[in-house]
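First, one chain by itself: the form predicted alone, in C-alpha cells.
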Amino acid sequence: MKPEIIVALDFDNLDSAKNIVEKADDAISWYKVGLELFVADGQRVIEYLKSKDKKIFLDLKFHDIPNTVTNAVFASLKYETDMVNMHTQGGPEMMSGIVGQIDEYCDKHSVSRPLLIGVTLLTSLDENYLNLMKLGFESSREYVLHLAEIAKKSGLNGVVSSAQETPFIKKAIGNDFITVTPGIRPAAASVDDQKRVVTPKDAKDMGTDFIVIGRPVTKADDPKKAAMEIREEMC
C-alpha cells in the first residue's frame, strides 16, 4: 500500500529498537536507522533487522567531498541496506559519481543495489532559514524543487522532502521519482520540533511514496495498533 510506512528507530541502543520491532510485528516492514542509533550500535541493529527480514533505510545523510561520500556509500553495501541517503547540497559531481560507481559495482558483483536518495531541505527548516543563509529562493518549495531536479539529473532514485512539495516534484520530474517524507504526524499528534508537517492522509493524497514516522509509533503503548491506525487513516 502506497505510501509505505518507515518507522524511525530514534534510540541510542539495540534493546529499545528491538522492543519496537517485536511489538510492531508484521505491521511494519521498513525501519529507519539514523545517526544516533547507528553510532551507538549500528552493525548489531542492522544485523538484527535483517534477521527479521525487515527493510532498512540508512539515514546518515552523507555530505562531504565526492570521493569520501562515494567510499561511505560503498562501505554501507556490506550491510545490505535497502535505501541510503546523501545531501543534495553535496552537488551533482558527488551524486552522479556515486550513482555511476555503485551501479557498476552492484552489476559486476551481483550485489543488491540500495535506493539512492537525496536530502533536500530538512523539515525543521523553513523560509526563515533561506533568508538567513541568503540562498536566493523565495520559498521552501522553490528551493526543494531546484535540489530535486539536480538529484534527478545526477541519477538518484528520489529525494527526502516534505509532503507539501511532493505534488510539485512529481509534476516537474515524474511519478517514478521517489519521494520520502518525514515530518508526518497523525491528525491527533503533536508536531514536536518539525515545522513543515502533514498528516498521513495528506501525504497519501499528495502522492508520496514513503512516509517516515517516529514518536507516534515508537512512543505508543501499542506500536502495532498505532501503525495500523495510521494505515487506516490513509484509507
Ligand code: C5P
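Note that residue numbering begins at 1 and tracks the sequence as displayed. Given the structure is predicted, the values throughout are model-derived calculations rather than measurements.
One more form of this protein, predicted together with the ligand, exists but is not displayed; see below.
Margin query: Given the stretches 147 to 155, 116 to 124, 132 to 140, 92 to 100, which is the single one in contact with the ligand in the model of the complex, using a heavy atom cutoff of 4.5 Å?
Written below: Selected stretch: 116 to 124.
Notebook entry, point to check: Might I213 be said to contact the ligand in the model of the complex, defining contact as any heavy atom within 4.5 Å?
Noted result: So I213 counts as contacting the ligand.
Margin query: Can you work out whether A8 and the ligand are in contact in the model of the complex, taking contact to mean some heavy atom pair no more than 4.5 Å apart?
Written below: Flag for A8 set to yes.
Note to self: I'd like to check something about R185: if you look in the model of the complex, is any of its heavy atoms closer than or equal to 4.5 Å to a heavy atom of the ligand?
What the structure shows: Residue-level check for R185: yes, a contact with the ligand.
Next item on the list: Tell me, yes or no, whether K204 is in contact with the ligand in the model of the complex, where a contact means a heavy atom of each within 4.5 Å.
Entry: Outside the cut-off, so no.
Note to self: If the cut-off is 4.5 angstroms on heavy atoms, which of these, K54, K32, H63, K170, is the one near the ligand in the model of the complex?
What the structure shows: Looking at the other structure, the residue within range turns out to be K32.
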